[in-house]
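Shown next as C-alpha cells: one chain only, the form predicted on its own.
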Amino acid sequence: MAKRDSFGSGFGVLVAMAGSAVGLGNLWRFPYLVGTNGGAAFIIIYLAFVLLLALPIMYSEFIIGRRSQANVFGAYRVLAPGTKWCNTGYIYVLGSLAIISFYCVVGGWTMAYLWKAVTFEFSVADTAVLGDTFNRTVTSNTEPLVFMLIFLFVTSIIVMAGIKEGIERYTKVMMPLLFVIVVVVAARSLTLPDASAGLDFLFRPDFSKVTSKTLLDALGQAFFSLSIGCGTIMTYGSYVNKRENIVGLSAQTAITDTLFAIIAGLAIMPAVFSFGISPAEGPGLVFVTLPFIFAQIPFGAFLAILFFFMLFIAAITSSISQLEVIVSYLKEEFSMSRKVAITSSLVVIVTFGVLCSLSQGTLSDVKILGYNFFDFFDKTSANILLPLGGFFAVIFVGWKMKKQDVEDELTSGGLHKLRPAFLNFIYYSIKYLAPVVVAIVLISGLV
C-alpha cells in the first residue's frame, strides 16, 4: 500500500485549516451580525462560544482524524472496529457534497465579478444598474455556469496535486496574500469621510441589543464559520503528523478566522456608512453595494480588483477542503486513484451545481420541501448535516474513546505538556457541554 500523503509543516496545517474556515461568510455575514447584535457585545459572546463549543468540537474532529490516519468513513472503522460507527462518515461526505454543490456557484460569481473588475465594468455609480448586473449574472443560463466550471477546475487542479504539493503549497501562498489584501482594502476604507460611523456600528458595545436571537446568531456563526461538522478538520487532521500540537493549531485557526472576519468588517462597513448606505446582509452587500462604492472613490477600480480577488481566494481555499473530504473517502474506501476520485466527484458536483445555478433563474419554480435547489443544499447542510456531524464527533470522543487515548492525542503523546486542569476542562467540555449545545444548534436549525 502506498504511503499516505501528509502535511509537511505545522504552518502548512494552519494555513490549510484557516483557509477552510475563512470563507465568504466572514466577508458579508460576520460584520453584519456584529453591527446588528450589539457590536463588541456580540464579539464577546461569539468568542465565548468559540472557546466553550467550537474548540472542543474541533479538538474532537482533530483527534479522530489524526489518531486514525484515515478518511471520515475509515476513521471510525479504525477506531471502533466491528461497530456501525463508520456509517457516521456518510454524514460528513454528504455534508461536504451539499456544501460544495452550492458553494461552487457562489465561487463562480466571485470569478465573474473578478473578471468584471479587471475589465472595468464597475465604472457606473448607480445601484439600480449594478443591481440589474448582479441579477442578470446570477439568473443567466450560461455566464454563472461557465465561471462555476472554471472555479471547480481550479479547485480540482489544487486537490489533484495532493496534500503537501497541492493544498499546502497553494494555501501557504494564498492565505498570507488574502490577509494582505483585506488589510489594504481596510486601510483605504478607514480613510473615507465619516468612516467612524462604520467603526461605531462594528465595535460600540450595546448590550441592550443582545437577545436570545443574538445568542443563536453567535452560536451558529461560531459553529459554521470554523468548518465544524463537515469533515474537513477530521480529513486534514488525518494528514497531520503526531508531533504537531493540535490544541495550539485549533486555537490558532479560530483566532485567524475571527481576526480575518473583524478586519473584513473594517474593510466593508466604514465604506458602506461613508456613503450613507444601510448595511444589507447577504450577497447584495458584496456584489451591488461595494461596486457602487468602488466606482466613486479614487483608485476604486484597483480596489475592486483586489477585493474580488480576495473573495475568490476565500472561496477557493474553502472549496478545496470540501472536495478533499470526498476525494479521500473515494480514494481509500474504493481504492481509486486521486485522479479518478476527483473526476468521479466532479461528475456529481457539477450535476448538482448546475441545478443550484439554474435555480436562481430557469429552475426557480422547482422546489424541494419549499426550497429551490440552491437553498435546499444550503439549508440541509447548515441545519442538519453539519450539526449532526459535530454531534457524533463529540459523542464518539467523549463517550466511546478512552480518556487516556484522548489525552494522548491532545498532548501529542506527551510531547506538548498541558496542565491537568486544562486537559480535564477540554475533556469534560467534549463529553458533556458540547453535545448539549450542538443539540440546541440542531434543534433550532430544524425549527
Ligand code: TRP
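So that the term is clear: the rigid core is the largest set of C-alpha atoms that superpose within 1.5 Å between two forms. From 1 onward, residues are counted along the sequence shown. Everything numeric in this text was worked out from a predicted model, so none of it was measured.
Just so you know, the form predicted in complex with this ligand exists too; it's not on screen, but the next bit is about it.
**Asked** Heavy atom to heavy atom, is Ser318 within 4.5 Å of this ligand in the predicted bound form?
**Response** It does: once this ligand is placed as it appears in the predicted bound form, Ser318 has a heavy atom within 4.5 Å of it.
**Request:** May I ask you to state whether Leu386 is within 4.5 Å of this ligand in the predicted bound form, using heavy atom distances?
**Result:** Yes, contact at 4.5 Å.
**Message:** Even though the partner isn't displayed, in the predicted bound form is Thr232 close enough to this ligand, meaning a heavy atom within 4.5 Å?
**Reply:** The answer is yes: Thr232 has a heavy atom within 4.5 Å of this ligand.
**Item:** Distance check, Asn26 to this ligand in the predicted bound form, heavy atom within 4.5 Å
**Value:** Yes, Asn26 lies within 4.5 Å of this ligand in the predicted bound form.
**The unique member of Tyr329, Phe373, Phe287, Phe224 whose heavy atoms fall within 4.5 Å of this ligand in the predicted bound form** = Answer to the contact question: Phe224.
**Prompt:** What is the one choice in Gln322, Thr253, Asn71, Ser357 with a heavy atom within 4.5 Å of this ligand in the predicted bound form?
**Reply:** Of the candidates Gln322, Thr253, Asn71, Ser357, Gln322 is the one lying within 4.5 Å of this ligand in the predicted bound form.
**Prompt:** Based on heavy atom distances of at most 4.5 Å to this ligand in the predicted bound form, which listed stretch, 154-162, 98-106, 197-205, 268-276, is the contact stretch?
**Reply:** Going by heavy atoms within 4.5 Å, the stretch is 98-106.
**Asked** Superposing on the rigid core, do we see a C-alpha displacement of 2 Å or more at Phe391 between the shown form and the other one?
**Response** It does not, since the Phe391 C-alpha is displaced less than 2 Å between the shown form and the other one after the core fit.
**Message:** Once the core is superposed between the shown form and the other one, does Gly65 show a C-alpha displacement of at least 2 Å?
**Reply:** It does not, since the Gly65 C-alpha is displaced less than 2 Å between the shown form and the other one after the core fit.
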